[in-house]
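Quick setup: one chain, the form predicted alone, written in structure tokens, and binding and motion questions come after.
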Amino acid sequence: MRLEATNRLKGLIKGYYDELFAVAEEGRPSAWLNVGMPCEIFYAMDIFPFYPENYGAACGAMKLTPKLSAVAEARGFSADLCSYVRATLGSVFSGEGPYGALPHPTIQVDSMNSCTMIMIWWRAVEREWGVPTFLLDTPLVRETSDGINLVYVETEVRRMVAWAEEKTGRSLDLDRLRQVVALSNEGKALWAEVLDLRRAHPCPITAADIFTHMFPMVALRGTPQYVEHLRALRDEVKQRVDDGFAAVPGERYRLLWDNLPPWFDLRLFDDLAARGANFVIDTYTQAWGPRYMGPVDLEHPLRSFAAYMGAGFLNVQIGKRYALLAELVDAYDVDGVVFHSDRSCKPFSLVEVELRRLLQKRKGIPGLILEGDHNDPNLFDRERGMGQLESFLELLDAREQVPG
């Protein structure tokens, strides 16, 4: 059964893109950001934040990635680059895409705490459109960003703010930032509640549901409509739990999905639901959840932003990634883990073989490495993948039948 909140989400997304184009027409400043960069700072500065990774996901969901990628590849960009990069650059070069020709941003800001392809991506846009670009450095850490690392990243954040002020003519008012952050914190707490409600037996929603609702978590943090939407989502999911509603009737397998989903084929989760399998939790959603992003300190917001930017999901060593998996396996009563070996997201995927080994050794939880891509259907053999997933479910069946 479809969530009512999903129907309302369409209007939220339309409103966001309507504002993107209105900002350009009115001559107001906008910024292209990578997902490791907090949009709250830019909302507080009245600089409209746009995430090309979110846009790339829309290209995938609308089955436009192969066509747009061909445009980028014809301009000399390798087919081995991330499919978000190829799709977005194809849109930049051709003026085509899910919402037509994208307006030029005023500035671009890239944080080095997530995607390794961002520098190629942003520099290509800089060359094509002449957009000023800022690169914010975030050194790799073991688990947390503190001490000299925290001081360094906070300095980088303050340097970025000063640069954005110079390039756009907009200043950062700390009181306004605190107002935005208060809304952001409220929404993140609601998101944490939604994730926690998935611990219920049976689980009230599917992975397709939660991935669909990531849009406001990425692009709208700190806005009133973001809080309103997440409160409605929380209330609806809570009502499902109270009613004992099963998103997957006869839920038999409780699975964990690691990595980004295939945006072009969220139906994959529905097909598995027909076999009694539900992905009750996922690591990707945790990157915006309390275990990584957490609330921002209203008294020292820039330092607080620096702390979570410096220890982002892909900016920490494997020990923290394993600890998260182990915690989620226990909290959500997970039977098995599907590691999506995402061709486009190498930083997320490279350690999955070791993570699978550690989970099997320490927790006795089996894992499947499923090769695919988050955005390019040409890189996912669906028939082969479904065969692997069905075999994995048979493995879980066999484990249940072994006397313990």
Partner chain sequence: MRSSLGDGVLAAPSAEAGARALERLRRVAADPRAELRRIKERTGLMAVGYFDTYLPPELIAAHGVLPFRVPTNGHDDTRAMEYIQGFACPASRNVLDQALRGDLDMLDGALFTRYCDSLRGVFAVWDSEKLTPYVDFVRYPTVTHTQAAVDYLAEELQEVSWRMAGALGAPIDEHRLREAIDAGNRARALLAEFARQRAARELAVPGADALAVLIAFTTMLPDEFTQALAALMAQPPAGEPGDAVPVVLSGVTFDNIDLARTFEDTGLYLIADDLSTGSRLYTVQVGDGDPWQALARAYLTKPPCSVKEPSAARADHLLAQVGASGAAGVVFYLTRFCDTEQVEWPFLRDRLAAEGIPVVLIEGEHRAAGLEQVRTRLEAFREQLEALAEVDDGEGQDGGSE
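Values in this document were obtained by computation on a predicted structure and should not be read as measured data. Numbering follows the first chain given and starts at 1.
Beyond what is shown, the protein has a form predicted together with the partner chain; the following relates to that form.
K.L.:
When the contact criterion is heavy atoms within 4.5 Å, does Phe77 count as touching the partner chain in the predicted bound form?
P.N.:
Result yes; Phe77 sits at the interface with the partner chain in the predicted bound form.
K.L.:
For Leu314, is any heavy atom within 4.5 Å of the partner chain in the predicted bound form, or not?
P.N.:
Yes, Leu314 sits close enough to the partner chain in the predicted bound form that at least one of its heavy atoms falls within 4.5 Å.
K.L.:
Glu156 versus the partner chain, in the predicted bound form: is there a non-hydrogen atom within 4.5 Å?
P.N.:
Contact with the partner chain, yes.
K.L.:
Determine whether any heavy atom of Asp335 comes within 4.5 Å of a heavy atom of the partner chain in the predicted bound form, and answer yes or no.
P.N.:
Judged by the heavy-atom cut-off of 4.5 Å, Asp335 is well away from the partner chain in the predicted bound form.
K.L.:
For the interface check, one of 106-114, 271-279, 221-229, 249-257 should have non-hydrogen atoms within 4.5 Å of the partner chain in the predicted bound form; which one?
P.N.:
Result of the contact check: 106-114.
K.L.:
Under a 4.5 angstroms heavy atom criterion, identify the one residue in Tyr99, Tyr152, Trp129, Phe245 near the partner chain in the predicted bound form.
P.N.:
Contact with the partner chain in the predicted bound form is made by Tyr152 alone.
K.L.:
Only one of Leu174, Leu135, Leu298, Ala323 has a non-hydrogen atom within 4.5 angstroms of the partner chain in the predicted bound form; which is it?
P.N.:
Selected residue: Leu135.
K.L.:
Counting only heavy atoms and a 4.5 Å cut-off, does the partner chain in the predicted bound form sit next to every one of Ile13, Ala58 and Met293?
P.N.:
No: no residue has a heavy atom within 4.5 Å of the partner.
K.L.:
Quick one: name the residues from 178-192 with any non-hydrogen atom within 4.5 angstroms of the partner chain in the predicted bound form.
P.N.:
Nothing in the stretch sits within 4.5 Å of the partner.
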